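Single chain ahead, written as structure tokens, the form predicted alone.
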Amino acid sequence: MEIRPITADEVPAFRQTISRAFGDDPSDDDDADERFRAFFDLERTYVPFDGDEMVGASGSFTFDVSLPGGTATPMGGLTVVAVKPTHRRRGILNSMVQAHFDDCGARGEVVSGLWASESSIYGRYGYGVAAPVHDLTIDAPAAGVPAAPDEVRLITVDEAGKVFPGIYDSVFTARPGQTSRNDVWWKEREFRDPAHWRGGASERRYLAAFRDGTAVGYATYRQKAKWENSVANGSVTVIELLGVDSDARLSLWSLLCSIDLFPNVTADNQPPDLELPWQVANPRAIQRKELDGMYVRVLDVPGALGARRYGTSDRITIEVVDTMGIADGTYALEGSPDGASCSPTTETADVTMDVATLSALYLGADLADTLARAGRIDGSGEAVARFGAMLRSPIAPNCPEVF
């Protein structure tokens, strides 16, 4: 089947294909198609056609992704992947993923990233879980969140548009796994809030934390009222919360966990090293569920490993097994906190792994020892320990937003 980018006049069919695959209906507001054309790079769509029939969908966002050591590298964000149920088991997904990889290569994107609708799919394409997340459920009155160190204000969406992007940019490289945002992304993803996105909850609320008059953190959230036997049992859903330091983040949590009539607070996609459970009086009131989060696929080993920084100064030789033939080979990595180089080598490998395992480690998740015990890294204990120490980030990777 033909796999090609869609044209502007095919946007309505593309949106319908995506919506049906995920069980929705496309919004029917007058300018929805035009907004989609402005938001989505149509040249980065990879769409299968059976004759004239569109039988699937996929596309890419153009990102930089933050890396350990405060650097960033280009990443293609694979998204809206779907195949019509009438056309399954025909190799269409394979073709769309290959088209995405080819496109990333042509654009100099050394890694691909995605959020998986099904966790069993993407390992066979070389993706690994590189940024696990914690979903939080908080019994706010019982948690005992400390008082806010900073001033916190509710602001309008127009004020948020002036404040939030600067805060995001200031913390972008502070944590591995965060994706860059342009002006269109902020407008269409962060500040547009149609009713069909709300799931019966309120419109988005916008919070900012201020210290000496300077904005140092922000949060967006929704509220949903509920009464049981005349007792308030409403909920607050935190959409995103970021701050320049722990005090800024604590200030936002303190307000979110003290809203009258709303004792239930939930927050998805939080970093595993979140400080909040260690700051409250009753950590048992914060229930955490770990999920797979963002997946990464290393496409260019020298480019990807050379772009990040390392926890120790060392040299190690890595054999990467890639059944798709993209990253297959043996590479010498020399890295330090100040820089790195990586190149193909004929030396004997110190450690051997498949590309999905290397990809899972790429953003600095503390997994090397675990993956070795699981049989996914071959090498001596000493070599695995050195390799893990090099790649480990002192700050857990996290992507705060599903794309």
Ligand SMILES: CC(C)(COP(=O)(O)OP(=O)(O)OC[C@H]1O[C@@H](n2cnc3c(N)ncnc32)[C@H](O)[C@@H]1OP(=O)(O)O)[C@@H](O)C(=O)NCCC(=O)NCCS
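Note that this is a predicted model, so its numbers are computed, not measured. Just count from 1 along the sequence shown to find any residue number.
Omitted from view is the form predicted in complex with this ligand, to which the following refers.
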{"property": "Among the candidates 284, 196, 315, 124, the residue which, in the predicted complex, approaches this ligand to within 4.5 Å (heavy atoms)", "result": "124"}
{"property": "In the predicted complex, the one of 228, 260, 118, 212 near this ligand [non-hydrogen atom within 4.5 angstroms]", "result": "118"}
{"property": "Residue 182: touches this ligand in the predicted complex, heavy atom cutoff 4.5 angstroms", "result": "no"}
{"property": "Partner proximity in the predicted complex: residue 289 to this ligand, non-hydrogen atom cutoff 4.5 Å", "result": "no"}
{"property": "Partner contact for residue 91 in the predicted complex: this ligand, 4.5 angstroms, heavy atom", "result": "yes"}
{"property": "is_contact(residue 320, this ligand) in the predicted complex, heavy atom dist at most 4.5 Å", "result": "no"}
{"property": "Option from 298 to 306, 220 to 228, 103 to 111, 81 to 89 whose residues, in the predicted complex, bring a heavy atom within 4.5 Å of this ligand", "result": "81 to 89"}
